[in-house]
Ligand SMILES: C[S@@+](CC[C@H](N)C(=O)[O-])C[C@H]1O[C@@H](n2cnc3c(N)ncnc32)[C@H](O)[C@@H]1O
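Take a look at this one chain, the form predicted alone, written out in structure tokens.
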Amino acid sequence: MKLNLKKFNILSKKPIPVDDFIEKILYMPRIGYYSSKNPFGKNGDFITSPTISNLFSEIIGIWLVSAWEKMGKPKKFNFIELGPGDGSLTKVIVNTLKKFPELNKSVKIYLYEKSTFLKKLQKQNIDNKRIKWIKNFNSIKEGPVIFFGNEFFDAIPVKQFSNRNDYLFEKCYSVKNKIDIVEKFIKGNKKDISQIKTFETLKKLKFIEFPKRGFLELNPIIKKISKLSGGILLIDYGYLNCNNSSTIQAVMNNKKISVKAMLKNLGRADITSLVNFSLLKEYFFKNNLKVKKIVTQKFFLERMGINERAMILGKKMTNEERKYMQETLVRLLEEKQMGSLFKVIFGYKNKNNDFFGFE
């Protein structure tokens, strides 16, 4: 335990806000969770939709084709995957787009990744010279943009506040006796409180999760969409109605662990929080983006034809392959698994409002 605290430079007794604390644990160069290991797949700590089934990535590719068509088949078009994991999704999308020569000729594909470790992993999995890895969006200057993130927003640490008699106290972690990490609430920063109070979604809540870092990530994305047109499609584990409690959760070896266990395994467990989709929608509106109806992953994938695609593929499969495909479909679509727990939101700026998957 002492080693972990020293390693992450958090031996100070000074309270550290929850989002700053988790940011260190997840992203500190060379030793942070996402900076030092491959968290994906059976040998990792969790499995994402693109690693469960190529069908998921194919459907996102088909949706991308439909979005390009809805925007008038522009000659210059940009696709940016946010937090591309191990590269599984983009790898499938590259192959899918080959079946659509006109779009394939027009599109530029970018991967936005802050982890040097994961970037190396992605480059191993995707051997394609046309793909560019970027740290910001400054190089994208022409053509509509589509940003896509699967389990991107939930990996950005959130701030947490307790509302006591209409005053907000921020939840922090501090170190006791050089070995124990304890919770502590301190008076909230005035600027943070002022910003929080502008959101209708957060009013009257006793416990507030505020994605300050997430909004900072979204700001340049929204500016790019506003300037060039296009949109951002996000699929994530989240909710529409707040329940006044912490949604921070940790996963280790493909199993959920308690926050207490997380604090004893710093850098060895994935830490996420559920996405407040109602707040995200309000934020998009505040920034003059239009927003399609928020739907479940099941609704979106089925509207985009995942079952029909599975039937076509199944005709060429062995019984064993077909059985495996059906098992992965259950994982993606089942109400109690990813089907309803994951939500889909699309914020956009475009003359056309008729994007597929939401009605």
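Residue indices: 1-based, along the sequence shown. Quick caveat, the model's predicted, so the values are computed rather than measured.
Only in words, not in the display: the form predicted together with the ligand, which the text now covers.
- At a distance threshold of 4.5 angstroms between non-hydrogen atoms, G61 is out of contact with the ligand in the predicted complex.
- Although the partner is absent from this view, F152 contacts the ligand in the predicted complex, with a non-hydrogen atom inside 4.5 angstroms.
- With a 4.5 Å cutoff on heavy atoms, E282 does not count as touching the ligand in the predicted complex; it lies far away.
- Put simply, E183 is far from the ligand in the predicted complex: not one heavy atom of it is within 4.5 Å.
- None of 184-192, 80-88, 98-106, 255-263 except one has non-hydrogen atoms within 4.5 angstroms of the ligand in the predicted complex; the exception is 80-88.
- With the partner omitted from this view, the residue of Q249, S229, S115, N163 that lies near the ligand in the predicted complex is S115 [heavy atom within 4.5 Å].
- Within 4.5 Å of the ligand in the predicted complex, a heavy atom is found for all three of Y34, P50 and E217.
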